[in-house]
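The chain that follows stands alone, in the form predicted alone, written as structure tokens.
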Amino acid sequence: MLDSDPLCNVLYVDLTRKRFRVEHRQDLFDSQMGGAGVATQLLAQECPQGCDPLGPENPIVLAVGPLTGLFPLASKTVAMFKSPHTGNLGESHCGGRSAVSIRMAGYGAIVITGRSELPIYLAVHGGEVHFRDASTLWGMSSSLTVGRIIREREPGSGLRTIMRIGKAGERMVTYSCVSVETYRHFGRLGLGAVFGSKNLKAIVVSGKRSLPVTSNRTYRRIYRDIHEAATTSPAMKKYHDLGTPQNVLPLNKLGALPTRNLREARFEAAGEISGEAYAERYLGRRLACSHCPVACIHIAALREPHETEPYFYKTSMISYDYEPIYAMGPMLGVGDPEGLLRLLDRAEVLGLDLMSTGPVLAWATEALEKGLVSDRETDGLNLQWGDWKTYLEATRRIVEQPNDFYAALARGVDYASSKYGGEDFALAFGGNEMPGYHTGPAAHVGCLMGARHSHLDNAGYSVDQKVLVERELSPEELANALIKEESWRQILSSLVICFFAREIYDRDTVLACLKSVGYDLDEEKLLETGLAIHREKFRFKKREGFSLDGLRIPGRILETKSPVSNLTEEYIRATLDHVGRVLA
């Protein structure tokens, strides 16, 4: 790394004492580059073994990478923490302006520890750190309102990032998220609950910096090539045109779209909630993260009549992506496109992770249907497939937690099913709820073994569709393929490159970019670093009690037909055994 690069500055903030300091950690950034690599090391250093995820000692680590602010699509921030949802590694990625703002403020990472006695928000403007009173923001019904108020109070318009929680985070729902700007999130694994446990309502960061490169001419050439690929390649064009919702129809045709808690893998109303349908009927605008020319964020304009005043209408702008559509649509049997948008909007306002909320409500619906719970537990709600209005109310009650049942739902399907039964149809992998892919064994194994238990860890669904539909892989071959891909993704997430751009940022391009900012690496060293980061994450998880041997495999994924035939528990267990040996 270049000596003049402020990336190696780490801002440490103590919420209990209202103090902060900056440490120069060049050794850390030289060896780990940034993002996931640096955040993993800082988490291991700052998080006491066995600590309470909702206790003051659990750190929040935010880290960016050496390409942030310099190259297109290198605009993600990696958050690391101990997850209140799974009890081990918590990792979440977010775009918006988060990464560029942190880098422009002069930091490569921010570490937040402790707990404030009263609600506060942090304002970081370059070298200044302020602890602002957030008592009047606490309890506000909408996280969008919180963002608007902070925008009016803080400087840095156009340069700053605003990260904040909703009521779900305040109530410490273990899968609550952190909303960033508008329509981007640190979702999955409960960062919002960790904010809430610290009485931290929001973080705003801004700054202005110039970033060094080794050669302006070389930098401009690499930048031009990446920008051209991002704006002309078919792989990126699909994200601009329809976005991830274009997955709805192909997965439905394939028989891989989880429907009604995965009782089925095709949804009869898929055409009504597809990317094509939303683009034709509701698309209001497209947005992009900072320093991204693709604009994959699709916003629906939903025009709604006023409840009591005739001829008065409100237009709501609602973000939609494939995973939220899957989770609150087919997973719940909801095929009404406007009803689905209202569900997405409700979760946005409350600050819930949609990918967990959908499977949680799906399990609750089936548990009620099977008589494992009654209307006494549901507090009078008759949960039925497709009834989006009742799901709207159930979503609110998950946050409010009026009784033990909703308090259990607020901790996810693993916990709820351990209390009320129905574990065979409780769709979670390693404690994290199922994503929207029933493509075959690689998708499910990928989530079981992944560092985040996420479909984006190793893209197992892609292995199902590109390889396993054509030929069988032994458990060892599948494990090696998934580990190889996940290890490479540690490099991309350490550089904080959007995974949508993974075909553009191939190994030669990554090496050229790194050389332009002062890293002298070859391909062998790069791959070794990726595998080392992957193993370090696995080591942290094991330290906190995680075991591949003890993973629960939901029976439902074995019962419902997928496009790949060899989906058996024996095959999954054998693959996980090999993963454990390689990562040990």
Partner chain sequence: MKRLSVLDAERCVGCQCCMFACSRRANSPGLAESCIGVRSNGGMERGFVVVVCRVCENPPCVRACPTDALVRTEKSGIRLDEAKCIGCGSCAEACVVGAVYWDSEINKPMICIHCGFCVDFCPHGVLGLKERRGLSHAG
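Numbering follows the first chain given and starts at 1. All of these numbers come straight from a predicted model, not from anything done at the bench.
From this point on, the text means the form predicted together with the partner chain, which you will not see here.
**Q** Tell me, which of A442, M104, L251, V78 has a heavy atom within 4.5 angstroms of the partner chain in the model of the complex?
**A** Comparing distances to the partner chain in the model of the complex, the residue within 4.5 Å is M104.
**Q** Consider the chain as shown here, without its partner, and state which of S474, S141, N216, S374 has a heavy atom within 4.5 Å of the partner chain in the model of the complex.
**A** It is N216.
**Q** Hey, in the model of the complex, does I557 get a heavy atom within 4.5 angstroms of the partner chain?
**A** Outside the cut-off, so no.
**Q** With heavy atoms only and a cut-off of 4.5 Å, decide whether S290 touches the partner chain in the model of the complex.
**A** Heavy-atom contact with the partner chain at 4.5 Å: present for S290.
**Q** So in the model of the complex, does P234 come within 4.5 Å of the partner chain, heavy atom to heavy atom?
**A** No.
**Q** Would G158 count as touching the partner chain in the model of the complex under a 4.5 Å heavy atom rule?
**A** Yes, G158 lies within 4.5 Å of the partner chain in the model of the complex.
**Q** Work out which of the listed stretches, 111 to 119, 348 to 356, 178 to 186, 475 to 483, brings a heavy atom within 4.5 angstroms of the partner chain in the model of the complex.
**A** Checking each option against the 4.5 Å cut-off leaves 178 to 186.
**Q** Mind listing which residues of 215 to 240 have a heavy atom within 4.5 Å of the partner chain in the model of the complex?
**A** Heavy-atom contacts within 4.5 Å come from N216, Y219, R220, Y223, R224, H227, T231, H240.
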